[in-house]
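Below sits a lone chain in structure tokens, taken as the form predicted on its own.
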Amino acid sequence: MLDDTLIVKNGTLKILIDDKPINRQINIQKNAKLFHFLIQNLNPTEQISSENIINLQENAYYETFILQTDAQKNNLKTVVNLLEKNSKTFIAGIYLADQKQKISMENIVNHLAENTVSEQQVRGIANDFAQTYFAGLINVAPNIKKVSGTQYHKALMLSKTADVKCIPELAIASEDVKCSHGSTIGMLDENQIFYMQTRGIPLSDAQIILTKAFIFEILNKINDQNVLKNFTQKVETWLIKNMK
């Protein structure tokens, strides 16, 4: 059930900042742009499930940055429908999970018209006994040409007891498309840590520097300085808590 419906009118640019997840449908009209920032401030005992459905008309643009870190159980699904030609989307996601948290992020992009473009970039970190799950799908409808879609997910495990699962998928029913996906899961590079220690950097500081650099691959793409500041503060607080 939807909690809210938002219409971004023809030719307008809108910035939407959410601090709590809701079930929302967003309709972006021709030539309109929406920049959507979701930085969750939730109670650690909450269990949340939410879904955003975004529909784009001709030459529309949707960009979103997602930070999932609060709540005991946190499920977020984003569905983007590129309905008409020249519509584009960029989805950037970060999840940070520790203790016994369960975080799930699902991104689905449906290319339903020609000359549509999508990009998904997700970075995640899991510590302690946390369980995380990422699912990403690029779906290209039949007889749709000149489509470009990319999807990349990278995750760091800070403990051997953390559990990270990912399912990157392509569903392509057409030719003349350029689509790619990839996913990596690993731990911090011991060689890089050793090198930094030989330069006098303490172990914990070296770990924080490398982990922060990993996350800032996404954060550095945020153009709004106030939003970037809020995201950065949240990430740095989590890193200090988990790596000191």
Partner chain sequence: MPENLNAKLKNLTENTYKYGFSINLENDSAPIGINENIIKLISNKKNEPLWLLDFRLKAFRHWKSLKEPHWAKVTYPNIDYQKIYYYSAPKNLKSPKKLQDLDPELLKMYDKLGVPLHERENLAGITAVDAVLDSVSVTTTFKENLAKLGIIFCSISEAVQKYPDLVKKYLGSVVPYTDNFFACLNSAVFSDGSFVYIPKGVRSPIELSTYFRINAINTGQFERTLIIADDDSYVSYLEGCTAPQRDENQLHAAVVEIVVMNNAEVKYSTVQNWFPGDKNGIGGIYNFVTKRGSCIGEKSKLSWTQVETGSAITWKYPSCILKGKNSVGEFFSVALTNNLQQADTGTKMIHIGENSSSTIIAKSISAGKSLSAYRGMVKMSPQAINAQNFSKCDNLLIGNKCSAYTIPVMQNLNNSARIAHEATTSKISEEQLFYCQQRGISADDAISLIVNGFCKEVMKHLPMEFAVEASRLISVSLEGASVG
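Numbering follows the first chain given and starts at 1. Only a predicted model underlies this, so the values are computations on that prediction, with no experimental measurement involved.
Omitted from view is the form predicted together with the partner chain, to which the following refers.
- prompt: Hey, in the predicted bound form, does I201 get a heavy atom within 4.5 angstroms of the partner chain?
  reply: Result no; I201 lies far from the partner chain in the predicted bound form.
message: How about N41 - does it come within 4.5 Å of the partner chain in the predicted bound form, if we only consider non-hydrogen atoms?
response: Taking the distances in the predicted bound form, the answer for N41 is no, it never comes within 4.5 Å of the partner chain.
query: So, in the predicted bound form, is K85 in contact with the partner chain at a 4.5 angstroms heavy atom limit?
result: No.
- prompt: Using 4.5 Å between non-hydrogen atoms, is K165 touching the partner chain in the predicted bound form?
  reply: Although the partner chain is absent here, K165 would touch it in the predicted bound form, with heavy atoms inside 4.5 Å.
Proximity to the partner chain in the predicted bound form, single hit among Q99, Q72, S148, S159 (heavy atom within 4.5 Å): In short, S159.
Among 100 to 108, 76 to 84, 113 to 121, 170 to 178, the region lying within 4.5 Å of the partner chain in the predicted bound form by heavy atom distance: Residues of 170 to 178 come within 4.5 Å of the partner.
query: What residues in 119 to 150 sit within 4.5 Å of the partner chain in the predicted bound form, counting heavy atoms only?
result: Just N143.
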